[in-house]
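Okay, here we've got a single chain as structure tokens, the form predicted alone, with questions on binding and movement later.
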């Protein structure tokens, strides 16, 4: 006899909330029973943020058939809700996650996990104290081209890494939230954190960081270049930033040089992932068409069923990422290398 679907509440109907809903709707082991958003027009379906799918089109997701709340706390304490997907603005993450923990309800939490490392620490402590599964939604760790790179590094397929460079640049999403660095943390925290976290995922914590950058739209750091210092890797660099609204395509790229090969990923290229080896023609790498949103939700559900810590993304690792991001900000402010405390 199959288990009944896990009853899910999705908090926030912005772009990421819509994107997560699209993933939940593909699953037979989960059912969305509640959503929250402070905007009644989003709850009614009159307006919606952009997402990956037209959820409100015919045959899509009908909000009128589930419970809707303007206060996310009411959705969390809804007695029918068994697990929560938090896609709220960052400033609400700590309160929402701590309430989930207090209610003994597992939660998936969009990045950045919190505005500060102390906020991440509060969430981690609450989840551990209550024995509740809390998992950060770090979709990049799950994206096939990126998980392929991490596996290749860990397996030493092409020898040691000599250099790794990551780039993530796009237009600022705009709006009051993203133009207020006190709320969003600027591009350093909201955008560049993906690459800081992936550097951690591939290589472990760096000894130190040296960063350069400047504020622009938000008043916080909106363009950053960081050198992550490792004893055994000569060069690990990541650049991330927001541009004003313009026609520059979103750029997400990496290039990693191994002892015996170089691999390049470019979101806007065809193929997106290519291997270069001396004496060989360029080799396209095919990794499948699954997306990171679907895969991270699959891991969350698997961890729920097995009662285990997620193998790919944990709150403990997000605490380290947040600490590194704060060191990057300090490096820019102080104009010097900042050591990463153990």
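What you are looking at is a predicted structure, and each value in this text was computed from that prediction instead of being measured. Positions refer to the first chain, counted from 1.
Separately, the form predicted in complex with a small molecule exists; it is not shown, and the next lines address it.
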Hey, in the predicted complex, does residue 89 get a heavy atom within 4.5 angstroms of the small molecule?
-> yes
Examine residue 293 and determine whether its closest non-hydrogen atom to the small molecule in the predicted complex is within 4.5 angstroms.
-> yes
Examine residue 190 and determine whether its closest non-hydrogen atom to the small molecule in the predicted complex is within 4.5 angstroms.
-> yes
Within a 4.5 Å heavy atom cut-off, is residue 38 in contact with the small molecule in the predicted complex?
-> yes
Are all three of 15, 72 and 111 close to the small molecule in the predicted complex, meaning a heavy atom of each within 4.5 Å?
-> yes
Within 4.5 Å of the small molecule in the predicted complex by heavy atoms, the stretch out of 275 to 283, 312 to 320, 24 to 32, 64 to 72 is 64 to 72
Could you check which residue among 158, 177, 148, 212 gets a heavy atom within 4.5 Å of the small molecule in the predicted complex?
-> 177
From the list 172, 202, 137, 256, which entry has a heavy atom within 4.5 Å of the small molecule in the predicted complex?
-> 137
